[in-house]
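For reference, the chain that follows is the form predicted on its own, supplied as structure tokens.
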């Protein structure tokens, strides 16, 4: 156990699914994230002293909070001879589709792990953070947890023993992200999904996933462009996001490699070459401007950097 009294960690936002990898693909978004401070205290147990920032009114009961539940999972596994108190600073808007619940959970376990002397590797921290994600969405999934923790574009296979692989992003490709100021609950977006997929859609989606991954490894932008289409989830969820069809059509016309929903939405994202990213961003923002919808926007490099300690004492 370390001699530190407190540790602060930053966990980046993320785009889940990446269109063709429902629940298994995601990439980190360094432009925003959550910061979690964990402090060692004498009284046993886990407590949340405050939740601040942009997310609004979130529970401070650890069992009902994503970061709290993740920290409880680590605490119960390690059984340290101290208590842990947590302060959460939310930088990711609630219900934005940018992995806010995942980032809080990741930040909590990364900070606590450093405070307690690094007893666990990142693979084990992933399993703790997954418990927190279940609080927000009602199920265990890792498409936001893994990129927030490991950084970059990440493929995660399995739930009980998840295997994580960082995938290469072709040189010069950027992510263009637009977040309309709307709230969309992950539980709602998951509850509406059909539980069965036709054989033809299964084959089509599988081919797109394989083509996308092969394109990333071989720098084949045309393969990525041809494969960047979700035929299973996006057709169902787009009804929850007013203006989605117009944004996607505009992005593709401006030269995007692909455009889809970020996680459960309502944020939207596209991949584009750096030289075309400004035009793609302008195209994606235009429908929201016409509708009078407020929004945030980012163009980001998908470099492989994930959650990390930013201060301690």
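As the structure is a prediction and not an experimental result, all values here were calculated from the model. Numbering follows the first chain given and starts at 1.
Beyond what is shown, the protein has a form predicted together with ligand HSE; the following relates to that form.
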Legend entry - Interface stretch in the model of the complex with ligand HSE - options 213-221, 143-151, 116-124, 194-202, non-hydrogen atom within 4.5 Å: 143-151
Legend entry - 4.5 angstroms heavy atom contact with ligand HSE in the model of the complex for residue 165: no
Inset, instruction - Please run the contact check for residue 190 against ligand HSE in the model of the complex: heavy atoms, 4.5 angstroms, yes or no? - result: yes
Inset, instruction - Please check if residue 156 has a heavy atom lying within 4.5 Å of any heavy atom of ligand HSE in the model of the complex. - result: no
Inset, instruction - Examine residue 29 and determine whether its closest non-hydrogen atom to ligand HSE in the model of the complex is within 4.5 angstroms. - result: no
Inset, instruction - Decide yes or no: are 35, 51 and 90 jointly within 4.5 Å of ligand HSE in the model of the complex, with each residue judged by its heavy atoms? - result: no
Legend entry - in the model of the complex, the residue from 46, 257, 264, 268 that sits within 4.5 Å of ligand HSE by heavy atoms: 264
Legend entry - in the model of the complex, the residue from 298, 10, 22, 295 that sits within 4.5 Å of ligand HSE by heavy atoms: 22
Inset, instruction - At a 4.5 angstroms cut-off on non-hydrogen atoms, which residues of 229-245 are near ligand HSE in the model of the complex? List them in order. - result: 237
